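Just the one chain here, laid out as structure tokens, in the form predicted alone.
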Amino acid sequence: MNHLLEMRNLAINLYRGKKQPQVKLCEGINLDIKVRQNFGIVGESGCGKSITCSSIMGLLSYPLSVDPSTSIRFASNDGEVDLTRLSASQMRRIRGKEISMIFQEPMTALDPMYTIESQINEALSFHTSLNRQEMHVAALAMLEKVKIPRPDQILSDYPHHLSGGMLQRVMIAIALINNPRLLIADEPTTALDVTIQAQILDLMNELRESYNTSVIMITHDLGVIAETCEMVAVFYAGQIVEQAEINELFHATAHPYTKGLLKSVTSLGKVSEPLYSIAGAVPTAGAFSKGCRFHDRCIACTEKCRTSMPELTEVAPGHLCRCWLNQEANNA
């Protein structure tokens, strides 16, 4: 493998019963994650960002399933594996050790009945042979690395004793305690105020350098993407509509949806202007049209957009876009 993770033709199906056809929530998604790369996934709520990364972690359960045509190859410490072909016990040995995830809501992701130390030790005890004293030392050192003050006291606290920012640091500590090769951060700053957001993003960048960990950053915030990522994929209605290096995406935006996302970002220099918003909403899974899934919200829509699905094609070196306007411009 040339990458840490190679996803090919990801399709996620929703089973609705014997008498109804399965609904494809995501389809045709290909991703390549390099070693020590920060890869961003951006899009509105309901576009398929979190469910795509849940498939990497093996967290999908009935009525959701990964299509048999999908391949998710991962360069583990024991050699290359296809995550979609592993048994539940094999996946448990990788999850939390080589691939970890920071979930959206730190307030609800931790168990309120157990101390912080118990929850860190759970990740250690499953994947290591450390004794209780060694786990205590490791947990203490990890809390210090994520810059939690009074780490000795925090270990004996329960989640409700801590603020949102502190809980997010604990979540990062749990995710990194086994030195994973891949860290998935699902909206890690959504519930935090702006100053704490900046601290958490700086912390994740520092830890990535220290641990040689690749990071998949899921967010709807383009500011977070600009701050942390090298490559970004824009999701819409269960598909990738644009993918490029971060500077290319911001300065040579190709897809109308990405342009709309960028226009909707607030700016201190434009306080007197009304906030831009993309008209309409993301279509419901199972009600996708035959054409471009963005056509009913696109100001540049043509008849071809309504009736025929564009392929994800290269519009510049390393820059992919799913739009008829760009394909026709390149063919002209």
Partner chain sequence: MKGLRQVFRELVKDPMGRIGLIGVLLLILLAVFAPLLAHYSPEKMVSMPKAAPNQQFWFGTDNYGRDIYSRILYGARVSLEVGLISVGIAASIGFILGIIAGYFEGRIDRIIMCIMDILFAFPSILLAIFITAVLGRGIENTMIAIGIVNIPVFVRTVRASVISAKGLEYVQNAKSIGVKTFPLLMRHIAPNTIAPFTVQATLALSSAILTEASMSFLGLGIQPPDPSWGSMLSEARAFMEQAPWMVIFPILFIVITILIFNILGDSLRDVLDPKLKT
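Positions refer to the first chain, counted from 1. Note that the coordinates shown come from a computational prediction; the quantities given were computed from them, not determined experimentally.
Note that the form predicted together with its partner chain isn't included here; everything after this is about it.
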Give a yes or no for Ala109: in the predicted complex, does one of its heavy atoms lie within 4.5 Å of a heavy atom belonging to its partner chain?
yes
I'd like to know whether Glu122 contacts its partner chain in the predicted complex, with contact meaning heavy atoms within 4.5 angstroms.
yes
Using a 4.5 angstroms cut-off on non-hydrogen atoms, would Tyr114 count as touching its partner chain in the predicted complex?
yes
Non-hydrogen atom contact Phe250 with its partner chain in the predicted complex at 4.5 angstroms
no
For the three residues Asp32, Ile51 and Ser87, which mark the spot I'm curious about, does each lie within 4.5 Å of its partner chain in the predicted complex through at least one heavy atom?
no
Of Thr128, Ser71, Ser118, Thr190, which residue is found within 4.5 angstroms of its partner chain in the predicted complex when only non-hydrogen atoms are counted?
Ser118
Ok, Glu227, Asp221, Asp157, Glu105: which has a heavy atom sitting within 4.5 Å of its partner chain in the predicted complex?
Glu105
With a 4.5 Å heavy atom cut-off to its partner chain in the predicted complex, the contacting stretch among 92-100, 242-250, 149-157, 211-219 is 92-100
Near its partner chain in the predicted complex, with a heavy atom at 4.5 Å or closer, the residues from 292-324 are none
